[in-house]
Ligand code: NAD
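For reference, the chain that follows is the form predicted on its own, supplied as structure tokens.
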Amino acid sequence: MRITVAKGDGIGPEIMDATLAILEAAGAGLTYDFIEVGEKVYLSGNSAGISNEAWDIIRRNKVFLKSPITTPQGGGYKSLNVSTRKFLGLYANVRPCFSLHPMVRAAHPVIDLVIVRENEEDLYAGIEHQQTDEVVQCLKLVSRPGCEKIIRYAFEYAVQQGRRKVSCLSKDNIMKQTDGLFHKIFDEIAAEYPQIQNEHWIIDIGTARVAVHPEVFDVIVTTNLYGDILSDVAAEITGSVGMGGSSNIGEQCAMFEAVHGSAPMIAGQGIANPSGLLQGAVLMLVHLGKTKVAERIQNAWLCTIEAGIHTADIYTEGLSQQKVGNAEFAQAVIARLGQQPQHFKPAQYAEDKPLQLKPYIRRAPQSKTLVGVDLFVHWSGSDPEALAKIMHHLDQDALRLKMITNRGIKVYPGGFPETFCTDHWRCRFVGPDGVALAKADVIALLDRAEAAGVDFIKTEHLYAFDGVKAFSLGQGE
């Protein structure tokens, strides 16, 4: 069975060599196609960090085991992790988090939860623009199919794995349109699984709850950015981010990796913990149906942890027995292949058959009515009243200025002088109540703005769907 392997950057080559040594010793029976991705490819002038030939190999083999990579700062480089997940449709990131108490010191002795993170959209769409001297924007994109797929995956995963509860984490008290859609769809899909408990948490208090009382959670489903942060929090409270592995699952392809990054500050020292990538490899073996090999490796790994043979990140005086480096740890695992842990429950895996998810069915189109437009303006003044006088000159019967905000806060009419304003202003123009506007009305507004010398930088149409306004109010409106 052929898989694609990338050794990555920083500590990536070290932990991959250790992981592959364990796979070979355990009789995994895999053939590897190695590809170069990451920092070297970026710095060679390829802003994607991967060649077309490497893509072809990944797509042919369908299964990709990847070490962490480094994305250079600035320069327009796109995250290869994000690109891989999106290009290959790996919409579900699954990260098991469990404690190894008392052999590995953890913030809580009982942790056994799984984070199911949406992998393709949200702020990780990476759509950013500088719009004024002082303001840049990042678009948060949340789609109905993206929400339905990941939330249904979480419930199906809970059913398959015998889990009892699915918890949704969002910030829909603030982002009522984007996170509000995620929460709404969670409630819709939860109703189809009455045998599984469901609950919703606001992301901030939910994350705090995970950090203090992780035992109350079982399966967590959330959006891309929240899931990224939350999974690192969960991994850290289990003892070390270096211990966590994850799977990225799509309808055709899958990628397996460690939770942590490339850690260039310790690269080449031989002290990195290969456990995170090894855990990703175990998930890969289960995905490939090689469950007996996965059990041999996982049980040998648990035996090694039980024996107190620990890398520096989890070594604790009086608890650990021996501090070892990356290669020594791998040899310790290999030496224990075929053994069963005494303290920890031995690993036992059922074949990981693909979840049978209902296909997404597009709903009938809603009645969509244009009711206004937000005109974003680059203006270096500081008095909202002065800007309002300029913008009111653009008024006509079809569209009239209703509100001006700065960084989302209403500053006209009735703004506070204490509110600090940048050079980025949102001027909301709306039509008469109950009147459907035409795009020609927006074009006419832009023509008037151009003639008046207004530096408009973008527009957002304001729509009502089935008569319900589908846009946020200004803060304080």
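Model, not experiment: these values are computed from the prediction. We number the residues from 1 along the sequence you see.
The same protein has a further form, the form predicted together with nicotinamide-adenine-dinucleotide (NAD), not shown here; the description that follows concerns it.
Partner contacts here mean any heavy atom within 4.5 Å of nicotinamide-adenine-dinucleotide (NAD) in the predicted complex, and among 239-247, 216-224, 103-111, 138-146 they occur only in 239-247. Contact with nicotinamide-adenine-dinucleotide (NAD) in the predicted complex, defined as a heavy atom within 4.5 Å, holds for exactly one of Pro341, Gly206, Pro96, Gly261, namely Gly261. None of Asn198, Asn406, Thr132, Thr71 but one reaches within 4.5 angstroms of nicotinamide-adenine-dinucleotide (NAD) in the predicted complex through a heavy atom, and that residue is Thr71. Remark: Ile115 does not count among the residues lining nicotinamide-adenine-dinucleotide (NAD) in the predicted complex, judged by a heavy atom distance of 4.5 Å or less. Although the partner is absent from this view, Glu257 contacts nicotinamide-adenine-dinucleotide (NAD) in the predicted complex, with a non-hydrogen atom inside 4.5 angstroms.
In the predicted complex, Glu306 stays away from nicotinamide-adenine-dinucleotide (NAD), with no heavy atom inside 4.5 Å.
nicotinamide-adenine-dinucleotide (NAD) in the predicted complex is not approached by Arg428, whose heavy atoms all lie more than 4.5 angstroms from it. By the 4.5 Å heavy atom rule, the three marked residues Lys66, Ala272 and Asp313 all count as contacting nicotinamide-adenine-dinucleotide (NAD) in the predicted complex.
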